[in-house]
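To begin, one chain is listed below as structure tokens, in the form predicted alone.
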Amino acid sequence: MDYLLTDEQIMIRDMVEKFSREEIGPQARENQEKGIFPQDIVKKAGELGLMGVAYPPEYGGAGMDFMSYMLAIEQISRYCASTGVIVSAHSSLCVDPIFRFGTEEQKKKYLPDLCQGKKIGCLALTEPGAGSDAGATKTTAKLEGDHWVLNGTKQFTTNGNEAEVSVVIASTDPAQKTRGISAFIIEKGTPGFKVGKLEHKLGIKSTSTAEFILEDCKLGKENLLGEVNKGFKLSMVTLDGGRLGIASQALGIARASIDDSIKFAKEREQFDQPIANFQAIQWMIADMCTEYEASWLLTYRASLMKDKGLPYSKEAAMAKLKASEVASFCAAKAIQIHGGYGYTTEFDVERYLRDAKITEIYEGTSEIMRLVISANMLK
């Protein structure tokens, strides 16, 4: 599908593929097995401009378009889905809201280090009782004199253990629910702000998924991100872009599943011939490739709309819905093609399946994606 891309986009894609193949891939299995956060890879990614692909050079970014970012996340995730979501959550969920909603002072203070990978960022939105229902946020932020004081608990925060800059969502007017939510920037080490337990997960084990605990966490007024009581809209706009990052991660997993399956089918022999000669295998690969390309085109369309400044919430939901379900489909078929070997850790396809499942859940479950799509179609 190169005919849909510019020369610069193809160059970025190929550069990231080479970097991912040579630097990320060789570490992926061990990092996953041991739950090692790939700090050295993140540093190298920052040096290559991958931690701030779509942001202006004046803020430390690479100055490219969102399409280039989508292509980069896919190639990284093709070799390690954990690294893919580390970069995606950092860029889409922390850098983007600061760039879009921050004051000039906030942008100059935080973005250069974030875009260059010198600091890692995250978004703390989910709570024990507020997942899909963000309006149920119980973390509070009260203005006391010249400071905001935050109290509450956040859950399932990707990059939470390593993040030095966190965008935290809190209720500033609980009675107004979604109309009374605000966003704040909190730096690691702020008194009253600490990391709690780390989750043990089915997949993406090289990432940290952390609990945040806020106990009388005092912030200056300058730490408010955007306007008071406008944090819900900020969150939803941020998640639209984040969903394209997850769609791209899912595409990478699907592509890896296809690549490994084709290689194995050509090499594995049964009944005196490669299993690639059997129609059952051929049809599985045909279905995998067709589903992958359909989801790639949906993600391409939504990314193009974002780059053109068009509304793309529905298209982002469609891309994430399709790509995430295709990732799980392709990974499951890859295991089937590999047979008994696919169920062992000797081959990577079992990891692809474990990594794929979360793409159907975080940054909006498939059920929420269907609600977003239908709401846009029926209004």
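In this text, residue numbers run from 1 along the sequence as written. Bear in mind that the values here come from a model prediction, so they are computed numbers and not experimental data.
Although it is not shown, the form predicted together with a small molecule is what the next lines describe.
At least one heavy atom of residue 313 is located within 4.5 Å of the small molecule in the model of the complex. Remark: residue 134 counts among the residues lining the small molecule in the model of the complex, judged by a heavy atom distance of 4.5 Å or less. A residue is said to contact a partner when one of its heavy atoms sits within 4.5 Å of a partner heavy atom; residue 363 meets this definition for the small molecule in the model of the complex.
The small molecule is not shown here, but in the model of the complex it comes within 4.5 Å of a heavy atom of residue 123. Remark: none of the three candidate residues (254, 264 and 335) comes within 4.5 Å of the small molecule in the model of the complex, counting heavy atoms only. Of the candidates 233, 118, 138, 109, 233 is the one whose heavy atoms come within 4.5 Å of the small molecule in the model of the complex; the others do not. Put simply, of 223, 209, 178, 172 only one has a heavy atom within 4.5 Å of the small molecule in the model of the complex, and it is 178. Here the chain stands by itself, but in the model of the complex one stretch of 254-262, 283-291, 239-247, 268-276, 239-247, has heavy atoms within 4.5 Å of the small molecule.
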